[in-house]
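Below you'll find only one chain, the form predicted on its own, shown as structure tokens.
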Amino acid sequence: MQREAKKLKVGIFDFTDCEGCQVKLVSLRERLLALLERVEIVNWRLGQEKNRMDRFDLVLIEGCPITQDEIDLLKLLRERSTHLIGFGTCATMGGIPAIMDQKERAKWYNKIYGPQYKPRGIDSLPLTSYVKVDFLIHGCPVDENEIVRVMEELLSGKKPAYRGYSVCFQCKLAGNPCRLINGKPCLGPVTQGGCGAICVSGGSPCYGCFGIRDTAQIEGLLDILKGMADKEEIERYFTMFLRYTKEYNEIVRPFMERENG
């Protein structure tokens, strides 16, 4: 008699976020039910009433921790999980909350709430600023197909791999005219594919919410952008989502400093 395969224990947690990525998870519908046949969700505040802290085979975390309580919980979850996955751009790169740095945030706290206000929140940083993260599912919000792909690879005992192509490849498939050729800024050439080029297809530029792809030619793109945008606009494109990435700090920031010098 064949023994039933042991289900993976999964926890789904969220910190500071809009919960849009978890809505994407729910929108999987039948595909989510198929995944649930192979996993046991033991903690998911948004999806069930009864939850427990346990040792987890897999933890998915949406959002960035901006309070000490959230940071402490993140570190506890890291200790209790075999695999910890950042889920959505807020978790993987700081996202929209990280657009404003600590100094600017303090100015607006004072302007809106007055000098007596004592905020609980600190700077918005990605999960990787505090703990080791095993894989990052990028996107603002995440793409449903990417969720399923990563989950199926983990359930098969494989280490998930990042996409080996850029957003430009998916723009070509979608039949989009190239923004750069038409003199419009875009981060598509250096951004990891997997989003389906949804922003460019909708008439917006790519701001890199799927993260920097491997072997990206960032300096080449910066040289191209210099011919179509001023330094402030280029900085705005790269700091929308990428401010806390290694590539921004090692390549883009020095480039901008040289240009400003």
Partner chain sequence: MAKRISESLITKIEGHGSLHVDWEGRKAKLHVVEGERLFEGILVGRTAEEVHWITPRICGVCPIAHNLASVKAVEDALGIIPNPTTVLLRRLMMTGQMIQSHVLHLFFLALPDYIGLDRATELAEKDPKAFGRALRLKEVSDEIAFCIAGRNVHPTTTTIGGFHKIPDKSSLQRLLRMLEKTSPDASWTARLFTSLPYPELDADLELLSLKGDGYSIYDGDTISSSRNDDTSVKGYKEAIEEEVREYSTAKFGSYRKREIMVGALARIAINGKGLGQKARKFAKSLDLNNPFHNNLAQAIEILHFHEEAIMLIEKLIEEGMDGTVVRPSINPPLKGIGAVEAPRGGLYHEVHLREDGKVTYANIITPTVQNLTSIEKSSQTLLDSNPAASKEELKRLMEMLVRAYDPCLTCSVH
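Residue numbers count along the first chain shown, from 1. Treat the numbers as computed from the prediction; the structure is a model and nothing was measured. For clarity, a rigid core is taken as the largest C-alpha set superposing within 1.5 Å between two forms.
Not on display, but discussed next: the form predicted in complex with the partner chain.
(request) Establish, in the predicted complex, whether 30, 100 and 240 all lie within 4.5 Å of the partner chain, using non-hydrogen atoms for the distance. (result) All of them do, each having a heavy atom within 4.5 Å of the partner.
(message) Given that the partner chain is not shown alongside this chain, does residue 160 nevertheless sit within 4.5 Å of it in the predicted complex, heavy atom to heavy atom?
(response) No, residue 160 sits far enough from the partner chain in the predicted complex that none of its heavy atoms falls within 4.5 Å.
(message) Is it the case that residue 19, even though its partner is missing from this view, gets within 4.5 Å of the partner chain in the predicted complex, heavy atoms only?
(response) Close contact exists here: in the predicted complex, residue 19 approaches the partner chain to within 4.5 Å, heavy atoms only.
(message) Taking the partner chain as it sits in the predicted complex, is residue 56 near enough to touch it, meaning that at least one heavy atom pair lies within 4.5 angstroms?
(response) No - in the predicted complex, heavy atoms of residue 56 and the partner chain never come within 4.5 Å of each other.
(request) State yes or no: in the predicted complex, is some non-hydrogen atom of residue 165 no more than 4.5 angstroms from a non-hydrogen atom of the partner chain? (result) Contact with the partner chain, no.
(message) Heavy atoms within 4.5 Å of the partner chain in the predicted complex: which stretch in 186-194, 119-127, 75-83, 149-157 meets that?
(response) Selected range: 119-127.
(request) Would you mind picking the one in 199, 228, 218, 35 that has a heavy atom within 4.5 Å of the partner chain in the predicted complex? (result) Checking each option against the partner chain in the predicted complex, the one that comes within 4.5 Å is 199.
(message) Only counting heavy atoms and a 4.5 Å limit, does any residue of 36-51 reach the partner chain in the predicted complex, and if so which ones?
(response) Residues within 4.5 Å: 36, 41, 45, 46, 47, 48, 49, 50, 51.
(message) Could you check, with the core superposed, whether the Cα atom of residue 156 shifts 2 Å or more between this form and the one not shown?
(response) Shift at residue 156: below 2 Å after core fit.
(message) How about residue 115 - superposed on the rigid core, does its CA move between this form and the one not shown by 2 Å or more?
(response) Passes the 2 Å threshold, so yes.
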